[in-house]
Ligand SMILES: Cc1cc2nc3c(=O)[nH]c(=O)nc-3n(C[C@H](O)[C@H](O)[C@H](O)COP(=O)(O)OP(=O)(O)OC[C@H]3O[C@@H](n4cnc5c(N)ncnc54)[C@H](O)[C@@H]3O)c2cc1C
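Here we start with a single chain on its own, the form predicted alone, put down as C-alpha cells.
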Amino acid sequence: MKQVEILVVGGGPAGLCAAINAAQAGAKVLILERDEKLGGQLIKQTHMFFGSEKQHASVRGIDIARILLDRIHELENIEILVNATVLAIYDDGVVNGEIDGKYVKIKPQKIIVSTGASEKTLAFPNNDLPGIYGAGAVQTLMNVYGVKPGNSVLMLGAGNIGLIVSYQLMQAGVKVKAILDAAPKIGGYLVHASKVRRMGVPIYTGYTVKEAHGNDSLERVTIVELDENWNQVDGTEMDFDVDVLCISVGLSPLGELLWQAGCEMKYVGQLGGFVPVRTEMLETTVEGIFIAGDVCGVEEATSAMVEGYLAGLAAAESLGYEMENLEERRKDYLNQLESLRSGHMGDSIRLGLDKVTVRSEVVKT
C-alpha cells in the first residue's frame, strides 16, 4: 500500500494550486489525474482571465497552466500520476484507484478532492444526433487537438462559457449562426457578449431548442420562444441550418467520491447541484478531507485556484507544518474569494455558500 501525507485528487487549476501550497509548506504530496496531462480546464482556455494580478489577470488560461506546472516541477516533494482514476475513499481512509490499468491502494493522511464538474445537457427530440456537443467538448476539440467541430454552429447558452466558446469558434473560422438562452437576459459578462455581437452574431434571450433534425448527423435545429412560465409559445419557431449544436447550460459538481466518503452533502441550486458542507478553510464534515474548485460549487477558474491555495494551506497546517505568515496568508485568500464573489454577478454564489459553509473551524460529524 502506498503511503502519502497529502493526496490531491484532480490535477486541474484547484488541484495544482492545492499541491503547490501544501508542498511549499513541506508536505509530501501525490497528485492523481485521470487524464493524460495536468491542467484541467486551463489547457482549453485561450482567453485572458479577469481578476487581479494574484489570479493572473490578463493572462491566458493555457499560459496560467504553464506557470502552475513550472511551479509544480520545481518542487521535489510532489509526485504526479496521470491516467489515474480514483475509484473509492473508504471509512478507514484507504483510497482505491486504477493507474495505467493497475489496481492500487493508497493511504493518505489528508485528502484534497478537486474533481471539478461535468457538463449538464438538455432534453429535446433527437438530442443524441452526432454534431450535438457540450461546450467543454468543443473547447477540447479546438483548443487541445486543433479539430474544428463543424462549419456552422448554433450555441445554446449565453453564460460566460457559451459566449467565450462562441468567440473561439469564430476565431477558428467556424460560422456561429446565433446564440440563444432560455433566461430573459444574458447570463455572462457583457464584455464577452459585446465581442460576439460586434461580429454580427444575434443573441436570442427567452428561447430554447424545440427539436433537432437530421438523418446520420445534425442538419437543422428548431428553436422556440418561451413565455414567463417557461412554456413554449406556438408560432414563434425559427429554423437554423447548422451541423453543430453546442450546449452550454451549466455544470454539475462531481462529488461522487465525497458521497461515498460519508461527507454531508446538500443540494444548492446556486452552486450547480449537490455540494459538501464545509468550513471556511474548506474541510468537509469528514475529518481530513478537504475540497477545492468546482466540486465545492461551480464558479470561475480564478476562484478555483484561490480555493486550491487555501485548501493546500489548511491541509498542510492540519499535519502540523509551520508556515510563515500563516494567518496573513489565510486572510488574503479569504479576501480574494470575497472580492471575486462581490457585486451582483456573485449574488447567487454568496447565497449558495451561506447554505453550506459553517463559520467555525470544526464541522465534523
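These numbers come from a predicted model, not from an experiment. The first residue of the sequence shown is number 1, and the count goes up from there.
Although it is not shown, the form predicted in complex with the named molecule is what the next lines describe.
Asker: Would you check whether the named molecule, in the predicted complex, lies within 4.5 angstroms of a non-hydrogen atom from each of R71, G312 and E317?
Answerer: Spot residues vs the named molecule: no contact at all.
Asker: Where, among 199 to 207, 274 to 282, 251 to 259, 214 to 222, do residues come within 4.5 Å of the named molecule in the predicted complex by heavy atom distance?
Answerer: Looking at the other structure, the answer is 251 to 259.
Asker: Quick one: is G116 in contact with the named molecule in the predicted complex, heavy atoms, 4.5 Å cut-off?
Answerer: Close contact exists here: in the predicted complex, G116 approaches the named molecule to within 4.5 Å, heavy atoms only.
Asker: Although the named molecule is absent from this view, report whether V9 comes within 4.5 Å of it in the predicted complex, heavy atoms only.
Answerer: Output for V9 is yes: heavy atoms within 4.5 Å of the named molecule.
Asker: Look up in the predicted complex whether N127 has a non-hydrogen atom within 4.5 angstroms of the named molecule, and give yes or no.
Answerer: No.
Asker: Can T85 be called a contact residue for the named molecule in the predicted complex at 4.5 Å between heavy atoms?
Answerer: Flag for T85 set to yes.
Asker: Going by heavy atoms, what in 1 to 37 lies within 4.5 angstroms of the named molecule in the predicted complex?
Answerer: Contacts from 1 to 37: V9, G10, G11, G12, P13, A14, G15, L32, E33, R34, D35.
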